[in-house]
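Given as structure tokens, the chain that follows is alone and in the form predicted on its own.
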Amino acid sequence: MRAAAELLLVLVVLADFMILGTSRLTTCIRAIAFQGLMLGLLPIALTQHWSLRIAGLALGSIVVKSLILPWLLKRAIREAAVRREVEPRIGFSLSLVLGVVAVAIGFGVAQRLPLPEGAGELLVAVALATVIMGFLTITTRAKAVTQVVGYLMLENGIYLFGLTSADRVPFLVEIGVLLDVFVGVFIMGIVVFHINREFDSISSARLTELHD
């Protein structure tokens, strides 16, 4: 695997840890935007033969993951007038420890998988670790916006798995993944708006109080 791709993957993991270790929602959004930029550059760093499909995938990923979705999230926290995750279900220090465990699990599983030719062990390990840390963020954070960030982390991990066979995955499937994320964040934006309007809070715990 190219040195540039390895550096990008390390930066992806650092973004994961930044999200797990901060209470500031703006920092979480900046980290997920930075991670989206790194993921957009990865197809270019991984491929040895440039093509229109690879360029389109990279450009589409950068525009959607590092520009459009973070902008929507920033607008959501601005409308809700919330800045911090103050009620995590587990502390930020413990979250970082669990993040280290996720990375260890990622490398442990990657070493035992029959990887496709050309798929780096580091790529698979980072993909699995990002998926696990995305689940961790979704399940341990109370604010709906932070949970959306966790959902994006989860999808970014799946996207990394897809890059292991980027030459064999149809372009429409890759675009479909991006559209799924866009729709998911759009729906969560509606949920955040209604929680904030009805309860003056964006804690996802208030979902249990919604009824007709």
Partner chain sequence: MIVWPAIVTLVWLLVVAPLLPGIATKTRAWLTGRRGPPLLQLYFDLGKLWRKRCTYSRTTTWMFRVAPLTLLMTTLGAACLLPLDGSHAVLRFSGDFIAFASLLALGRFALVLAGLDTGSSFEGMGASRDVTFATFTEPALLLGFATLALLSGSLSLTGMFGTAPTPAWTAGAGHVGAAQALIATSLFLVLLAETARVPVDDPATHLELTMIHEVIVLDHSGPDLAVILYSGAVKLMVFGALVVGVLIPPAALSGVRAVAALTGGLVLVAALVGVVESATARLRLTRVPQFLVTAAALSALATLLVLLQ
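From a predicted model like this one, the values you see are computed outputs, not experimental measurements. Numbering follows the first chain given and starts at 1.
There is another form of this protein, the form predicted together with its partner chain, and it is not shown here; the text below is about that form.
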Every residue of A55, L59 and E155 near its partner chain in the predicted complex, heavy atom within 4.5 Å:
no
Are any of the heavy atoms in I90 no more than 4.5 Å from a heavy atom of its partner chain in the predicted complex?
no
Can you tell me if V13 lies within 4.5 angstroms of its partner chain in the predicted complex, counting non-hydrogen atoms only?
yes
If you check in the predicted complex, is E121 within 4.5 Å of its partner chain, heavy atoms only?
yes
Please tell me whether any heavy atom belonging to A142 falls inside 4.5 Å of a heavy atom of its partner chain, as the geometry stands in the predicted complex.
no
